[in-house]
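Next comes just one chain, in structure tokens: the form predicted on its own.
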Amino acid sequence: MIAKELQDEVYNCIKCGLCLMPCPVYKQLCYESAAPRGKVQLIKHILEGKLEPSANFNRILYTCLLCETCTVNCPSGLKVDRLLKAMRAEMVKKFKLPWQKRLLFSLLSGERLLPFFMQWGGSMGNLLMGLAPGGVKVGTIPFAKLPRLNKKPFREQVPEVVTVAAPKGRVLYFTGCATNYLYEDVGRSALAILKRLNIEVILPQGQMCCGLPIFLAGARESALGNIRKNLELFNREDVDAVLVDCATCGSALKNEYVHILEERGENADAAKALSKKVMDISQYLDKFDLKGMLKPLPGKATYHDPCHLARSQGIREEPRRLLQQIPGLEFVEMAGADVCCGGGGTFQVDHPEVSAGITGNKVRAIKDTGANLVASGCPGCRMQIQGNLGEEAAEVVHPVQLLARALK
């Protein structure tokens, strides 16, 4: 059952409605149950025994991006996102997840299955993707615009320990699934910059998916193996920091592991110790003066704040400062930079029409800047934005990719 601490959260809602207009889903649908307030009141009635959890309530509960906008705008400090995540876990026990998600989460929670399928995908899957009809979409993203798999997982392309002469620091690098299987250039860029800074980097080969996609969907039991394995590998005292290049993975390691273990009544000391060392790579690099090692990089860039970076971790200015250090690169803010892109993991597949409306607003904001480069620290956001930009020339990248291009 939902932890007592979270059950009590429903009584903190004063029904003021300040969560409504900032909510990107409510702004698309404009009915009460689409709003955070409506969901909280339904949960309250279910916990009080006044309502039975139904299939319709289950649908309402998942019509949410979990972008945490409601949480940061709540004057009562109600932990809306944590309440919704916990309720999803309860609903999974009753209604189960669709078979497609169960299959996906089996892959993400398996130590051998995911590497096997991704290895196959890197050799054969990319070829098959190229044969797909032009009009086929995955949610809102045309098949042709989906990123191709790395031919070989990134961690198999590099040594487990990237050594440097006279190291000035030592870090662990959590690459996550996206860099390991889809965006190898992000990983190479990160290593290039860290090497230039004389930082020794350790990439534990046994690391697993952070588990966040699994437990956001409510399948917490399936993610426990991931949590315990990653805590075993990354909770080390002989490193300065644990670096993450993915906003979602960073949120998992920094925040969610602690919450999940505590809500289960388990010892979370190891998760708390890890939390203190986890840093987004932009947060870590922001400590250095990089200007002396960068050459001019002509272009115009804007930045999109991932929900799991801006709201979950409070990291907003660090990526911007890094971009502003690059000579010759003009930086311009877009309107609503911290508004969710509409991807939300599988949300854009489950609710494509709602997602398309939210992403459309983001795309218009990007085009209004005139930028030819869009930076963001979340692979899901980059995939969603790039996949919906149409035929525009703008390239969507991680900030470290631009830094690496500008290295002398």
Partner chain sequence: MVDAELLKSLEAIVGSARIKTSREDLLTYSYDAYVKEYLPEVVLFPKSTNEVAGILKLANERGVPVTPRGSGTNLSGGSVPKKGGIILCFTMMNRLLEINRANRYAVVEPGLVVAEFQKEVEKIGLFYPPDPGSSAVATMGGTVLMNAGGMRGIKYGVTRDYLLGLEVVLPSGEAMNTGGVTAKDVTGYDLTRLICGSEGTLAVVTKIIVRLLPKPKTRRTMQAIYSRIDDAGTTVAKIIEAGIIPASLELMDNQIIKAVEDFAHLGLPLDAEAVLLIDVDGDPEIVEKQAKVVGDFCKAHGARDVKVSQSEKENEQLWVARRSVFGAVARLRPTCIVEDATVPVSMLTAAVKKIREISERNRVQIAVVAHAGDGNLHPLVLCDIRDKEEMARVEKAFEEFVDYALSLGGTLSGEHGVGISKAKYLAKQLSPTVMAMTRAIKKAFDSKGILNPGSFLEYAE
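Numbering follows the first chain given and starts at 1. Just so we're clear, the structure is a prediction, and the values are computed from it rather than from any experiment.
The discussion below concerns the form predicted together with its partner chain, not included here.
Within 4.5 Å of any heavy atom of its partner chain in the model of the complex lies no heavy atom of Ala192.
Under a 4.5 angstroms non-hydrogen atom cutoff, its partner chain in the model of the complex has Met21 among its neighbouring residues. Proximity of Leu42 to its partner chain in the model of the complex: non-hydrogen atoms within 4.5 Å are present.
Taking the partner from the other structure, its partner chain in the model of the complex has a heavy atom within 4.5 Å of a heavy atom of Glu32. The stretch from 335-343, 23-31, 350-358, 374-382 that comes within 4.5 Å of its partner chain in the model of the complex, counting heavy atoms only, is 23-31. Contact with its partner chain in the model of the complex, defined as a heavy atom within 4.5 Å, holds for exactly one of Ser275, Ser106, Asn198, Ser76, namely Ser76. Contact residues in stretch 52-84 (any heavy atom within 4.5 Å of its partner chain, taken in the model of the complex) are Glu52, Ser54, Asn56, Phe57, Ile60, Val72, Asn73, Cys74, Pro75, Ser76, Gly77.
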